[in-house]
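As a starting point, one isolated chain is supplied in structure tokens, in the form predicted alone.
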Amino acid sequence: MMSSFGYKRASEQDWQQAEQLLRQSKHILAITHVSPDGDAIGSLLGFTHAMRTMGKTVIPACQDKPQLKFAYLSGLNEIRTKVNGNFDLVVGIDSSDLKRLGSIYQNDLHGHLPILVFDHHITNSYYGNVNIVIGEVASAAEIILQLLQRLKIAISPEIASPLLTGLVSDTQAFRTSSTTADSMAAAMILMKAGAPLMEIINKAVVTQPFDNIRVLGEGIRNTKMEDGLAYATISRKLRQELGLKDDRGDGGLVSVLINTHEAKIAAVFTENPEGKIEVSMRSRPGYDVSQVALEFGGGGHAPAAGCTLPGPMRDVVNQVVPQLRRVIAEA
């Protein structure tokens, strides 16, 4: 089946069940994945603003704080890292499994509630009672846009800007292999609704905090390149030595490494404040890193995936790097 702008979609029955859950609900807890990127934040806020136009009470939530570069988005400061209250529906957005919802989802508090999932990761575990999972699209934001079209919700600039942020972020300003003609058509719809494309590209993708540049510099300095695999580590000790304000993320290092001529696969191992190791992986066409991520309890797409493992750093590197080498050897 095809959507209103061309690509495949979930079954009609799935969509009808999703719409019914949303129409029946009054108090929605909307959660996106830990260590949120632009698509996670944009899709979460776009969904939140849209549901509020239907008279719903919506609490947007994420275990980890969003990056400050998204401060231009209306409602960013409403995203909660801890929640309480009574809800009648949980909505998981851009999250491939229940663990990726992090500490926000608590089974003893929310386990009795229906879960509705909107996601585009091919490794999705279908953890919801209703799952709108469309692996063919470049971003979760495009799925939220389809939802709004089906519900005939007028797309205001307040809704359009976060959704276009999600699309721009996950396609790296329409440069990734996942970008399709349908992605461009979705962007056109959002631009016509008032989302400022060039401003969003500049703020979400191009400009970076100086701390990110410092992380990039140190990360590139310790990068190893071995037979098509480029990988680097970013420890908590390094962050402390640099005096960084942001205690999470790789500063975009993995995206830089995969753009080197020699790299077939790139990986960055980042130690987070809890001492766990976040592994970000990227690959060129023909190399699938999603299965490696899935093997270690993570998920994602063939060209972009990730997982989080208990430390220490050396053990995680020694576990993951051989599997990435295997992907290269078997391609």
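It should be emphasised that the depicted structure is a prediction, and the values quoted were computed from it without experimental measurement. For every residue, the number given is its place in the sequence shown, counted from 1.
One more form of this protein exists, namely the form predicted together with a small molecule; it is left out here, but the text below deals with it.
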With heavy atoms only and a cut-off of 4.5 Å, decide whether residue 300 touches the small molecule in the predicted bound form.
yes
Do residue 305 and the small molecule share at least one heavy atom pair within 4.5 Å in the predicted bound form?
yes
Contact of residue 270 with the small molecule in the predicted bound form (heavy atom, 4.5 Å)
no
Is the gap between residue 182 and the small molecule in the predicted bound form 4.5 Å or less for some heavy atom pair?
no
In the predicted bound form, segment of 128 to 136, 182 to 190, 95 to 103, 257 to 265 with a heavy atom within 4.5 Å of the small molecule
95 to 103
